[in-house]
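Listed next as structure tokens is one chain, alone, in the form predicted alone.
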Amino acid sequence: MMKQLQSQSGASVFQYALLPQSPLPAETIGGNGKATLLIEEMFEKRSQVDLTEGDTVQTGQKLAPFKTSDAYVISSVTGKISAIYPYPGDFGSHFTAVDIEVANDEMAAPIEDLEPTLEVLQAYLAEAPGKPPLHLLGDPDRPIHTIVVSGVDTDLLVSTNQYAIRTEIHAIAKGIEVLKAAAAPETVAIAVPRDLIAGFGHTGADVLKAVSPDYPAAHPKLILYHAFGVEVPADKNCEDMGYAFFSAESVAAIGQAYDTGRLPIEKLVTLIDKQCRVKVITARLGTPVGAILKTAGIATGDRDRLILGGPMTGTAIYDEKLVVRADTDAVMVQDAADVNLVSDYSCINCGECVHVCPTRIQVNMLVRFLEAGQYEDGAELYDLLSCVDCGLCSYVCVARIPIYQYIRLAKYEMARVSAVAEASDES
């Protein structure tokens, strides 16, 4: 549950909730006879892919169907492909969806020997549960000297990585060993809630860092600032400073693969019901959200809200057929009566957003530029790019302005325009 308190400065903040010392085992939830796998590549024409309807796939089989791209996904089930089609995501993302009708008899696809190299990791585990950011490693233009294994979850009510670091410590130790052999970082650090700092010295990590229970202290940029003493400039990311953040679940998935010789296909997901009751479940990648809700006995009604993620930064979704992916850490159901509607009222300059902002942005001024679509001016004059995307400004806004959504849109548009300009310069 979210717990509200008063900080020393008088600002109203939330605290992350800790799991019990020995959390209940995660309940395994099955699908509904069909899995949908999403490959991060736009589907434009059938001749683009080698897969066809009717092809048989096995559990753990690597599907890399594109002739001009290395994009792939690991099949989480055994069965026959029933459909291949384009699938739109949010903020301009595009996928290729592969529907698989699940067979009664499961067969595990054989895999080659897993060597602890970056090439093997990127070829087989880039889409593992937790979605390890392996693309950040091995870049000579942006070398990574520190890998941070994050045992904290960035949003409230979400307990996925906290659960992983409590229950998968052996796999995490193996994953750290593999990452050290493959990427040769100078340092591997583990970041855990402050009250859990004891007990992680046998993981092979070089450094332990405690994270404050006050939200949003678990965001990577704030972990760097408070735990490592590193300030990330507004126009930079953690990787620009030489730090790569891996979730505890993703490191555990790497360790499991090398321990068992099988590619992991089950995702830890925090399930949050309408009463904000929380439990951690496991579901195979590609499982529809609706199948999870049905098995868990959670009914949805008209105007209820489905959210992938937590209450502060999660994304509302429009269909229970959307599926669990490698980076799906939480599924939340919000009752229609509890949904706060946004408005088009003007800012009243109450200052609450500035008061709670962890980076002290003048949000009341910034939002005026974002509403007008003046994103570059918002970034230059009022530090748009210093935002760590915590969503506190939207939560406290008296006028109910969707500030966080404006910020996400502005950052996306700026990145899109920059990418178009770079492509034009290269051509």
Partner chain sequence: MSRKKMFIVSHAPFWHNGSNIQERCYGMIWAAMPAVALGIVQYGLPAVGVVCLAIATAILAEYLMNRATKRTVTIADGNAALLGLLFAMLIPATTPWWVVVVGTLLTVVIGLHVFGGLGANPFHPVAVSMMMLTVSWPAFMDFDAALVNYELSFKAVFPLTLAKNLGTAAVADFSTLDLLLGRQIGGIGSTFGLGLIAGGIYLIAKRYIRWEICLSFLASLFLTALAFHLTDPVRFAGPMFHLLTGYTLIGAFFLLPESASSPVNPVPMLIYGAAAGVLTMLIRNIGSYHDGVLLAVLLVNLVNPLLDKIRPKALGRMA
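Numbering follows the first chain given and starts at 1. Just so it is clear, the structure is predicted and the values come from calculations on it, not from any experiment.
The discussion below concerns the form predicted in complex with its partner chain, not included here.
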query: Close approach of residue 332 to its partner chain in the model of the complex, 4.5 Å, heavy atom; finding: yes
query: Its partner chain contact in the model of the complex: residue 368, any heavy atom under 4.5 Å; finding: yes
query: Residue 310, heavy atom within 4.5 angstroms of its partner chain in the model of the complex; finding: yes
query: Residue 99: touches its partner chain in the model of the complex, heavy atom cutoff 4.5 angstroms; finding: no
query: Residue stretch of 204-212, 123-131, 334-342, 68-76 approaching its partner chain in the model of the complex, non-hydrogen atom distance within 4.5 Å; finding: 334-342
query: Sole residue of 193, 288, 185, 314 within 4.5 Å of its partner chain in the model of the complex, by heavy atom; finding: 314
query: Contact residue in the model of the complex, chosen from 347, 173, 107, 118 - any heavy atom within 4.5 Å of its partner chain; finding: 347
query: Contact at 41, 258 and 325 by its partner chain in the model of the complex, all three, heavy atom at most 4.5 Å; finding: no
query: Residues within stretch 298-331 having a non-hydrogen atom within 4.5 Å of its partner chain in the model of the complex; finding: 300, 301, 302, 303, 304, 305, 306, 307, 310, 311, 312, 313, 314, 315, 316, 317, 318, 319, 320
